[in-house]
Ligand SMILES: Cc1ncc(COP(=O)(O)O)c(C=O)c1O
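Take a look at this single chain, the form predicted alone, given in structure tokens.
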Amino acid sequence: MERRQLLKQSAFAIAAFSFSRELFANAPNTHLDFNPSALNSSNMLSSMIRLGSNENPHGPSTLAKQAMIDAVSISNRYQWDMNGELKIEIAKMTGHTKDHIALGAGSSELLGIVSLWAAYKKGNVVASEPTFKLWMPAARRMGLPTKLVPLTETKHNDLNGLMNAMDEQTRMVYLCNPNNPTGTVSPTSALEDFIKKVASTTIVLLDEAYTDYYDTPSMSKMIDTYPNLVIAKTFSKTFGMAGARVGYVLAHPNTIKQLNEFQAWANAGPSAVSMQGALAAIKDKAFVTYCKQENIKAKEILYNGFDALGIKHIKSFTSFVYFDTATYKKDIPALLLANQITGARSFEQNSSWLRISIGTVAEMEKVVAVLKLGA
């Protein structure tokens, strides 16, 4: 290996390590998104209903759990073979080839890798406000300042506004569809037109973490035509494996090769245990169908409760709901916390809008009951 190439790869590895460290150093404490001092005992802690991180309350599936248990015994071996096997199975699931796929420890790590790739080109990134921001603080530290564009009045991504905010220094546009925290979806035709216009010259990082809940059309069919288009996906949501940390991106094979250069060890983010869980989860289609159906049932309970209380809310294409507390007299997060329910929180400054994750049917029934008693 030439000295210049060795130095280049070493620099990439150091930058990637620094980026990932910054990424998770700035991550919110999602394990406890409430004040533990507000609890009276450890028993209350274990009985909390946690609705703050859009986790699947039903997962992982029985098949995935057993596969992970079995994989513990082989965790003394590196997972080289599993990397290829998982990419092949994902390729079958998405209609691509393994060369279109890069793996990571959750999609969050890969959002960071794509941002690092964009930062290496020097410039800025354009994104919506509010949206998923976990990767942004680390991106700024790597020299990729962010230009934020307000959502439309209906809380949708403003595609025209995003394009208008771009300048000659824009190296990446980040778009979360369905958007987090609002749960809104951009029309397919409008999103396709946006990608055609932007991805011809600029990286488009499209976060599709929640498309599975309502079969929202993926834009991954466009990756071969537009090498600047990168689609981020995850096993954290409908597959119920948020803590296992398995994510992937779909992109043109040449783009995947470039992204792999920014990983200290390409595709090695997920552990052997996590990969075995993901391989089993892909096969457990009945479980995914069940989770989607239960999400709809639980969400309808919340919608009906909001309607009865006159609380404005947005019909969501995800596992969370965005709602306006302006007409409710009490502090909803405090009221819920007093009843061992945590997670309702704000994503906009000086706004009465909050997001709450969807739990089980029983959990959402409790949320509604508490809100009705407190009204």
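Each residue number is its position in the shown sequence, starting from 1. Everything numeric in this text was worked out from a predicted model, so none of it was measured.
The following text describes the form predicted in complex with the named molecule, which does not appear among the structures shown.
Between 171 to 179, 259 to 267, 138 to 146, 75 to 83, the stretch whose residues reach within 4.5 angstroms of the named molecule in the predicted complex through a non-hydrogen atom is 171 to 179. Of the heavy atoms in G106, some are within 4.5 Å of the named molecule in the predicted complex. Contact annotation: F132 falls within 4.5 Å of the named molecule in the predicted complex, judged by heavy atom distances.
Contact annotation: Y210 falls within 4.5 Å of the named molecule in the predicted complex, judged by heavy atom distances.
Interface membership of K155, defined by any non-hydrogen atom within 4.5 Å of the named molecule in the predicted complex, is ruled out. A heavy atom within 4.5 Å of the named molecule in the predicted complex is found for exactly one of Q66, T325, Q340, S53: S53. Interface residue among T184, N124, S236, N228 relative to the named molecule in the predicted complex, by the heavy atom within 4.5 Å criterion: S236. Residues of 342 to 375 placing a heavy atom within 4.5 Å of the named molecule in the predicted complex: none.
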